[in-house]
Each structure stands twice: as C-alpha cells, then as structure tokens.
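The chain below stands alone, shown as structure tokens; this is the form predicted on its own.
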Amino acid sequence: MELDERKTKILQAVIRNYLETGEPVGSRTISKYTDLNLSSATIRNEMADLEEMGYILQPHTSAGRTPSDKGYRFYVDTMMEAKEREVVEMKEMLLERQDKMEQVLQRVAKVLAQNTQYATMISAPKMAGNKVKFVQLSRVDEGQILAVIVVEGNVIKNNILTVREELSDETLLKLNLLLNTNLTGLSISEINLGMISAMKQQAGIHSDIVGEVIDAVADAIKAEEDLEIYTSGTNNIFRYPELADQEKASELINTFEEKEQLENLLNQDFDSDNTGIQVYIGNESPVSSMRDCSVVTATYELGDGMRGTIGIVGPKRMDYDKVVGTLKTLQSKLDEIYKDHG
C-alpha cells in the first residue's frame, strides 16, 4: 500500500510536531497542524492506517503516536529529495544567470570605454550582507555528514564534516531543525556568540557539529566576496601623453590585468554603503599605479538586492561632466539592460 498525499502530509505533521515537542501526537493536534481541513475522525482513521503500515507507533493505548524508524526514514528521504531538487534547480538557474550577467557586463564595459575613450572596469554584482537561506545536513557514511549551505544569491557550498559516531535519522532531523530555525535569514554579523552557545547547549553532545556548521556558514559567505571584474579600453591610456610614459602605462595596464588592486578599489565603494558617485583625483586614489590619474566610481544595483561597482580611469583632465553623466545614466539603466537580455 503506497502512501498517498493525504497520508504523507499527516505523517509529516506527526514527525514535525514530535520533533518540536518530544510528546506523542494526537489527531486533534494534527487537525490544527495541517492544511487538509479534515475532521479528527478522518485523521484518526488515516493514523490507524499509518500505524498498520509501520510508519508510526502508539506507545500507550490512550496516547498519541510517535514516529517509527520507518517513518523517520520516509521523512528524511522525501525531505532530502525535495532539497536536492531545489539545489539542482538553483544551480541550473545560477549558471544561466551567470552566463547572461557576464555577457551584459562585458558589453557594458566595452561600450563605456568606446563612449568615454578612457579605461573602464565593472564588478559583477554580489549580495550586500549575505544571509543564510538554508542548511541541510545529511549522512554520507557512518563517520561523515554532508553540510549543504545555501546563501542569498543562491550560492551553494558543500562541506564534509567528520563525526565520531553515526548519527541517527532523528538526531540529524533535530540538528537540521535547530540550525534552520536559528540561522535562516541571518547574515554572519547577526550570528553572535550568545546565539552560538545557546545552539550548542541545545545540541548537547553534538555541539561540535553546530560549531563546525557555523564556521562553514562563515566560509560560504566569505567565499562569495571574491569579485569578478570585467575591464575594457586599457589601451585608451596611451591616448593621453601624461599617462603614455612607458613605465607608468605598463604599471597601470598590469593593474588592470591582475585585477587584485582593482578589487580593493571596487570593494571599498561596495563596503562603504555609498551608492553615489565617488571621484578620486591623483593621490586620493587607493591604487598606487593610478596616482597620475582620476578615477570615478559608481555603485549600481540590480532589482534583487545585488550590488556592484563601475569605474572609469583617465587622466586628471578627464571630461568629468561627461563621465559622471554617463555613470549616472548607467546606474539607472543597468537593471533594465540586464532584464532586457533575459
């Protein structure tokens, strides 16, 4: 006898309720707990079937039901399937979006360099203050568990954690419940020591797993901080005699090729929460190879909370009016440009 949708929902409600309360679950609780709009009598009949099929147990004659190992196994498998589907769908959507984003930003950098006749750079957008979407622990073998961490912007990180002993399905479920109840929707700065110690206390003998998962969450959010930067028009530098000096120009072009210092410059604007336009003249520039230049940067935003930075590098006598005007237009248009390429 297969589990139909109704039995599945009732079984899931029994298990979730039992995991939260540790108390046997009665039909009246389930009638409040599910969206099935069934009478207590119908739920009692369904629960009797589930008991007969071995998914739930009745510890005492008058009491409610508790999940059996078979019930936990069904719950874990269906939950894992749903999460895996979600992760696969996210990865596919992410790859599609990244390809599209790359094409749009490369094109924007190129057009910007042609329009201004200066060197241009644009960083791929990232989430401001990444937040945890969900954490999923699952068993790999008796000594290892897999922690899948999904961060806003649908960044997915997989971490293998070593455990001293094999964890039961019930323990894994309780840890998943504990981690997701506490961490979902938080950024790393909001996960404080008090919260971590309270979670460790609740996890009891498995407190080390909670600690490792929080470290993995921090790593997942930090890893997302590497910037992808698209550049164009570096050869425009040679158009301006004051920048065309062989040594200066090659140092500047190196900076554009290696991108590490560009990352510091663009990250500075990103982290400052300043969404306006910044102008660095000569020595004001945080990048030493740009001390003979002017750098104008602007932060842009895409509709779903993603932000990046655009920068234009030219001589100190650059046409500031034109550059600032172009960046202002681009700031307001980038979201549309990205959507139009959809």
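Numbering starts at 1 and follows the sequence shown. Computed from a prediction, not measured in an experiment: that's the story for all the values here.
What comes next is about the form predicted together with another copy of the chain, which does not appear here.
Proximity to another copy of the chain in the predicted bound form, taken as a non-hydrogen atom within 4.5 angstroms, holds for one residue of S232, N130, T116, N182, which is S232. Contact with another copy of the chain in the predicted bound form, defined as a heavy atom within 4.5 Å, holds for exactly one of A218, A198, L186, I156, namely I156. The stretch from 251-259, 190-198, 209-217, 68-76 that comes within 4.5 Å of another copy of the chain in the predicted bound form, counting heavy atoms only, is 251-259. A residue is said to contact a partner when one of its heavy atoms sits within 4.5 Å of a partner heavy atom; S168 fails this definition for another copy of the chain in the predicted bound form, lying far away. For S138, a non-hydrogen atom is located within 4.5 Å of another copy of the chain in the predicted bound form, even though that partner is not displayed. Shown alone here, Q202 lies farther than 4.5 Å from another copy of the chain in the predicted bound form, counting heavy atoms only. Although the partner is absent here, V108 sits far enough away that none of its heavy atoms falls within 4.5 Å of another copy of the chain in the predicted bound form.
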